[in-house]
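Consider the single chain below, provided in structure tokens and representing the form predicted on its own.
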């Protein structure tokens, strides 16, 4: 009876989480006149809402921009954060613990406080309306450093000594030994970084003005709020579905490694 009650609670929780996504997907394929009016009982489904999105805005270009920005940010975070994590976990140097403490302190600073100085810097560098302006401020992550450090600490030092005896440098040790042994951590940092970059709206709204450089969230926000959708709920939901599909696909594919990475580093929530 206890297990039955527990499973019922879990099922209810799962339904409460998945219902908004199912509703959004269904509304996105309803006919224009029926959107949101009949719930799941509409008898006429269509792809007209998706066609309207592609017709009204350059969603393909926005998708390309988001892919370039998210993938570039993810790759740079994986590389630079793992470098710092390796140094803090395995190298001995003066002030190492102080550096780690500073990294932790930066995680306590609200991101909104850094937007103005970051924007001022990007303007002075002339990187507005460019990929550099969208990627450069987020090329390293304190959270990524923490996850990599916690993961690398558990790797035996004997592997490092053996690699050094074979003539490997520190960068070769990181890429050839630590990366393959840290796939869950790599996937965890990669997915979190990709999701944050893909869903970011505020920063692109600050540094991008030209439509051809807009990312997907920025384009869809402008599309919905700016009135291009004509107030049609189905069209707005179709645009939102195009935004979340890549995230759902990435998480579904790497779900196993993601959970392992969170569990191995001891980070919850």
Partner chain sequence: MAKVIFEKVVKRYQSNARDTVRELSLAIDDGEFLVLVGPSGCGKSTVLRMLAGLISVTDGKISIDGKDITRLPPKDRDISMVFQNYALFPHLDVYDNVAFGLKMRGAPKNEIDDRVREAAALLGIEPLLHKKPKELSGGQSQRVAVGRAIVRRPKVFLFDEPLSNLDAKMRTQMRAEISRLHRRLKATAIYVTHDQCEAMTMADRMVVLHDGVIEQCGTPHEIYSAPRNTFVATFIGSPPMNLFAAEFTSAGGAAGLKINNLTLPLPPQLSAGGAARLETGRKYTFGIRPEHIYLAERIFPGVNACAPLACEVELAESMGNDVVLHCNSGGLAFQASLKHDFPVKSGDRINVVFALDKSHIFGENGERGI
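Note that this is a predicted model, so its numbers are computed, not measured. Residue numbers count along the first chain shown, from 1.
The form predicted in complex with its partner chain exists for this protein as well; it is not shown, and the discussion that follows is about that form.
Though the partner is left out of this view, residue 146 does not reach within 4.5 Å of its partner chain in the predicted complex, counting heavy atoms only. Of the heavy atoms in residue 161, some are within 4.5 Å of its partner chain in the predicted complex. Interface membership of residue 95, defined by any non-hydrogen atom within 4.5 Å of its partner chain in the predicted complex, is ruled out. Its partner chain in the predicted complex is not approached by residue 125, whose heavy atoms all lie more than 4.5 angstroms from it. Residue 177 is the only one of 177, 195, 107, 115 with a heavy atom lying within 4.5 Å of its partner chain in the predicted complex.
Screening 168, 132, 121, 75 for any heavy atom within 4.5 Å of its partner chain in the predicted complex leaves a single hit, 168. Heavy atoms within 4.5 Å of its partner chain in the predicted complex belong, among the stretches 99 to 107, 78 to 86, 178 to 186, 146 to 154, to residues of 178 to 186.
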